[in-house]
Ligand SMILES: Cc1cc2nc3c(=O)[nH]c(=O)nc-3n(C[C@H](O)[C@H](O)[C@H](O)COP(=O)(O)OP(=O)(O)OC[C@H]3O[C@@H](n4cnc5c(N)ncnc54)[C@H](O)[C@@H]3O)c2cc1C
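Given as structure tokens, the chain that follows is alone and in the form predicted on its own.
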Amino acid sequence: MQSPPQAADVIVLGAGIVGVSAAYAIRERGLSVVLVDRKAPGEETSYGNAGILSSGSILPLNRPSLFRALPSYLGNNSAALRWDPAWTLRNVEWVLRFLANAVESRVRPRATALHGLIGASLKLHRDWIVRSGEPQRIRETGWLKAWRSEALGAAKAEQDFLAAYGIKSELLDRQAISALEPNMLPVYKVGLLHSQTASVDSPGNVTKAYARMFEGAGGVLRQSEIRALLSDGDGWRVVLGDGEVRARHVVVALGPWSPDILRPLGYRVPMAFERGYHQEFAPNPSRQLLRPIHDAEGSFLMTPMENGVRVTSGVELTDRDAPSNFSQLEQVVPLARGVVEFGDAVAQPWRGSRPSLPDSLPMIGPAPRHPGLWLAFGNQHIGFTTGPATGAAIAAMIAGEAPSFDASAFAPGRYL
């Protein structure tokens, strides 16, 4: 049944962490907002991540060390990266642009941009999670990146890079790792504790808490299929499965589905889909993890979550909607069991798609040819970390103000 047309100052498309954050930040400024998604908040890509609020995720994935790792990926059996040859042939331009950004001269400018975005976002997360009534979900225990080999040089280089941006970390040897995580088996020789990083016990439920906060502030949440985005005079009309909404402004925050809604408007978004998998397992109550663990050489993350130990796998480069391939997850779960004891799976394996642009930076800002159209997507591996500041930046721009951080590197015009 069709609902009568609805009107608002702003429509936000997408109820992941970025869209929910944008909707709440815009509503805080007094504008009427309708937030639309086909699913309930936090049930797509924002659900399946490792739940880390990472101060140190300023190094883009495409950096010079990538070239050294490429030979290990050619056999297509690495836990870190699997790639679909057919997808690669169809997307050679994206691959080449991604590799072109992996040069030394392009690392620090992007790291600086991400540092500003992440710093602003962590402040908002820490504020909002308390404001939303869910402070128990955040843990200020840092996260540990650990190496099984004598990788002190790699750990020290990463520490030095982070220190240049004022980000604190601690180098740990085997004994110090055991003191930090006494329930882990002593498989790691070197560790780097990101001490200014927090984590949450359910990124999906945190996103839902922010959505409830948005509704509590007078925002409107609407669950419906998004069928079209149409220019409508000096505003916009969004056609839904059960009606339509009109507004002066519209924010596209649909993550990996953003290119689809923008294509009819003439925008060709150079997006790839870095798919990832996770599965959760019953924890051993007497052998629990205290913080997220990143196994640098095993290419997986383990995080203690509300429902159990979540094991997340590496990157799969293929079409967004290609059939699931759980081989990477199956490869790393035995490795994870060799680090900490946990029981049987408590849920089916999960798959999501990280929306990634060739420079590993999101799009945050106005669409270049359509007034009132705002883009907020492409946050790749750090969407949960960076969602609040991405949304707050869009809110500021709609109000005609500058964001709290330098967002120039994220301007959509660099690709569109």
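We number the residues from 1 along the sequence you see. Remember, predicted model here, so these are calculated numbers, not experimental data.
Just so you know, the form predicted in complex with the ligand exists too; it's not on screen, but the next bit is about it.
By the criterion of a heavy atom within 4.5 Å, Phe67 is excluded from the residues contacting the ligand in the predicted bound form. Contact annotation: Val340 falls outside 4.5 Å of the ligand in the predicted bound form, judged by heavy atom distances. Not displayed here, the ligand is kept clear of Arg29 by more than 4.5 Å at the level of heavy atoms in the predicted bound form. When contacts are judged by a 4.5 Å heavy atom cut-off, Glu44 counts as touching the ligand in the predicted bound form.
Taken together, the three residues Gly14, Trp257 and Gly352 all lie with some non-hydrogen atom within 4.5 angstroms of the ligand in the predicted bound form. Shown alone, this chain has one stretch from 211 to 219, 247 to 255, 145 to 153, 103 to 111 that lies within 4.5 Å of the ligand in the predicted bound form by heavy atoms: 247 to 255. Taking the ligand as it sits in the predicted bound form, the stretch 259 to 280 comes within 4.5 angstroms of it through a non-hydrogen atom at Gly276, Tyr277.
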